[in-house]
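Taking the form predicted on its own, here's one chain by itself in structure tokens.
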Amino acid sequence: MILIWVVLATAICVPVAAAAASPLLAWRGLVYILAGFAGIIALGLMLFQPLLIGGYLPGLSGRIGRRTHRWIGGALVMAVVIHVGGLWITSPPDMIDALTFTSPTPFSPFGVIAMWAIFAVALLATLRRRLRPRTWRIAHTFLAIVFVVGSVVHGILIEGAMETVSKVALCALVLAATIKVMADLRVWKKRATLREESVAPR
């Protein structure tokens, strides 16, 4: 039980510490640094989300896990807002290019797609009671996958303050945890089950 928390702490704290020690920060302003670390923290928080919804974290399963999942989801949205807002303050032209998908940097479109995906997840959360549970679950899962993949590719392609090995390890863990929970929960399996039940003899 303790091991999983040790692995989580290591996977998140090591990339943050390595980025904090990067010599590249010496040439950056405070707002830019805060924006960058908001992105790094968001990547770390992403590792918790599939583990929480899958009930894999000791002491955070069931209702507590789902509630924590929602709180971290809100923190993720705030981290993305700080990340994007800080970069907008420091370099509006670059952000305009990124948001209009005209930036020459290969990582920009993935970051923008991930940003819109997490905003859509937040909007979907407010509409949960108005949608059918299955519809909501599939939409939420799809958007979460887009957010995870976009964020991971965005992070991998950026050559910045994050140290390469720890960054790749964190991204790999985020992807592995997401794939694991998708396979275990089988979000789309219910359709087949309902179809089988509808044709079964009574």
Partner chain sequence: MTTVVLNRRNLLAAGGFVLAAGVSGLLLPARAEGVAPTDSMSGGSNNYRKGAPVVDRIGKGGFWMSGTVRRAGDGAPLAGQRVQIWAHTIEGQEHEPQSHGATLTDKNGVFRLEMPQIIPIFGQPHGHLAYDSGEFKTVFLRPVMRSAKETSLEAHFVLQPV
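The structure displayed is predicted, hence computed values, not measured ones. Positions refer to the first chain, counted from 1.
There is another form of this protein, the form predicted together with its partner chain, and it is not shown here; the text below is about that form.
**Q** Hey, of 127-135, 114-122, 100-108, 71-79, which bit sits against its partner chain in the predicted complex at 4.5 Å between non-hydrogen atoms?
**A** So the stretch in question is 100-108.
**Q** For residue 24, is any heavy atom within 4.5 Å of its partner chain in the predicted complex, or not?
**A** Result yes; residue 24 sits at the interface with its partner chain in the predicted complex.
**Q** Indicate whether residue 56 is a 4.5 Å heavy atom neighbour of its partner chain in the predicted complex.
**A** No, no contact at 4.5 Å.
**Q** Does residue 28 make contact with its partner chain in the predicted complex, using a 4.5 Å heavy atom cut-off?
**A** Yes, residue 28 lies within 4.5 Å of its partner chain in the predicted complex.
**Q** Using heavy atoms and a 4.5 Å limit, would one call residue 32 a contact residue for its partner chain in the predicted complex?
**A** Answer yes; at least one heavy atom of residue 32 falls within 4.5 Å of its partner chain in the predicted complex.
**Q** Identify which of 45, 38, 158, 149 has a heavy atom within 4.5 Å of its partner chain in the predicted complex; exactly one of them does.
**A** Only one option qualifies, and that one is 158.
**Q** With the partner left out here, which residues of 86-104 have a non-hydrogen atom within 4.5 Å of its partner chain in the predicted complex?
**A** Residues within 4.5 Å: 87, 90, 91, 93, 94, 95, 97, 102, 103, 104.
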